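Shown below, as structure tokens, is a lone chain in the form predicted on its own; questions about how it binds or moves come after it.
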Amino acid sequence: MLKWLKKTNKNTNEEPQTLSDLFNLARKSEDFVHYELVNTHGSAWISYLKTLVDIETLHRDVLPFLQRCNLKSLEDIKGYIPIEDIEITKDVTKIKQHFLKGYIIIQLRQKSDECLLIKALSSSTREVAAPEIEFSVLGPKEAFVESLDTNIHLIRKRLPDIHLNAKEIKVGTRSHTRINVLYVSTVANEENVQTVIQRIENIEFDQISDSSFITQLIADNQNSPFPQLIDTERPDRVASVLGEGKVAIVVDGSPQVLIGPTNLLEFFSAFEDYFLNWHLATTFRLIRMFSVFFSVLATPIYVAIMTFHYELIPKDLLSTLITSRSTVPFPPILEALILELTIELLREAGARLPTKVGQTIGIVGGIVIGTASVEAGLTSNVLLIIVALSALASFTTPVYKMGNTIRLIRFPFLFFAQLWGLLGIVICFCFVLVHLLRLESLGRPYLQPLFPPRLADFKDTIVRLPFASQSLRPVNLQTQQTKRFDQKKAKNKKDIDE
């Protein structure tokens, strides 16, 4: 039995050395096609995986021409078939990679290792639709899809710049996933570009299924709960930050594009802010940042005050709190954990169930469980309100991954509040602050422009000033061209009658 297992493992791990070995492995699959085509000028062998190949391209652009052309040499066939991406090669590794991506293999002799590779990929992908995660009332309604070429097209359509370069890298020893690094060569800092390219080229992993894999594999600190690259589904946002001097990472098969380097404050900036008046955009950003602090600190402050600091509660409010907790048999920390975990359960259930059922579970479940727990005396109605508001505040974060981080870091604050009260909250906040000070995104400080302070960059961080005031690109990106436009010309506006 052991000998059989060793033999099976050995055969499984072997790579094909010849084209015949490749076909012998492919024959185990039902979708493999391998046959001889004969015409009046000779014969050729055709091989492909019918689930990967576009059958219309095969029957329209390949087979009719093979029926009429001279099958004496691969060069003659290459010049006769009206497809641009055709290559003659003997490299078995390259043939295997192209074969598994949807290429057609043509051989003049069945045992020959030299073949013709013809691109006939099946382009079965969903149509471009409206964003689901970063939906906005104003602005474009297009989102990325799972096709790399389509995503790059959406970006180039919005940024028709000859200096917009795309560097393609294949990653994954098994998946050979196509990854494109996009940047504007005359604007982006060369060090940022090379950092991204080098980190992607150094990835050692067998299968890359989504851009989230790349985020974790090239992050400066893979143990940090804070995302160090922004992932977005909006082509307009990617085109905008490329013009600023950032780098974008597009992964084939993923509807999310990565942007870097980034900083903490950018995760609270929605791209819809740029479609609104700067007064409104600034107000909404401040509301989001207040919501984050409220979501993280509201429940821990309640636990700290109810456990250690009764003297901080006003007399008028103290009676209300005493009444609400008079029938609760649990200490504040256990009461808070029960409600927080209940909210997380409802979130996960709503996210995993079908859309209509998930919405019903979230709304009805929250109302029923909340009302029942208060009436049963398991939780106080005051804490229920605080936890519900905290959960609602966490949804204001425009970037989904940062919202998950906020959900996570609430729990350490809760435990520190139970141990040392308000002092514990301050200690936990110091730990988080030190971690953020040490954190980097592609080698750039994560807390820029707060630390190190960059006063010039505050025009589009916590507040968003008018476009006429944003004539310079962010200092922290250290771009080749610091000026975006001439500020004097932008402010000199004359009417036609002046």
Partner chain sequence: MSTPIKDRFLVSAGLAFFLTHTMQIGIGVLGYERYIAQDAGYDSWISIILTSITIHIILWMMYSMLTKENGDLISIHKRAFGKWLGNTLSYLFALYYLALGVTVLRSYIETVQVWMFPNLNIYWFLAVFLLLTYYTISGGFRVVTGVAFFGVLIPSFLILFLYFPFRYGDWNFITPVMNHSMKEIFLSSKVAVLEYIGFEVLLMIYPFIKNGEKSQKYAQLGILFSTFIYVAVAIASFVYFSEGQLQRMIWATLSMFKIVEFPFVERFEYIAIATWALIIFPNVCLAFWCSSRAVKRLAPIKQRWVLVSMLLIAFVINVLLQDRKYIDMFINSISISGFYILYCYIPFLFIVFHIRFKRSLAK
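Just so it is clear, the model here is predicted, and its values are computed rather than measured. Numbering follows the first chain given and starts at 1.
This next part talks about the form predicted in complex with the partner chain, which is not shown.
Trainee: Tell me, yes or no, whether residue 423 is in contact with the partner chain in the model of the complex, where a contact means a heavy atom of each within 4.5 Å.
Mentor: Flag for residue 423 set to yes.
Trainee: Hey, in the model of the complex, is residue 72 touching the partner chain, heavy atoms inside 4.5 Å?
Mentor: No.
Trainee: Within a 4.5 Å heavy atom cut-off, is residue 438 in contact with the partner chain in the model of the complex?
Mentor: Residue-level check for residue 438: yes, a contact with the partner chain.
Trainee: Tell me, yes or no, whether residue 38 is in contact with the partner chain in the model of the complex, where a contact means a heavy atom of each within 4.5 Å.
Mentor: Close contact is absent here: in the model of the complex, residue 38 is far from the partner chain, nothing within 4.5 Å, heavy atoms only.
Trainee: Heavy atom within 4.5 Å of the partner chain in the model of the complex: which of 133, 338, 427, 100?
Mentor: For this set of options, the contacting one is 427.
Trainee: Could you check which residue among 313, 169, 166, 128 gets a heavy atom within 4.5 Å of the partner chain in the model of the complex?
Mentor: Of 313, 169, 166, 128, the residue with a heavy atom within 4.5 Å of the partner chain in the model of the complex is 313.
Trainee: Of the listed stretches (49-57, 444-452, 459-467, 26-34), which one has a non-hydrogen atom within 4.5 Å of the partner chain in the model of the complex?
Mentor: Result of the contact check: 444-452.
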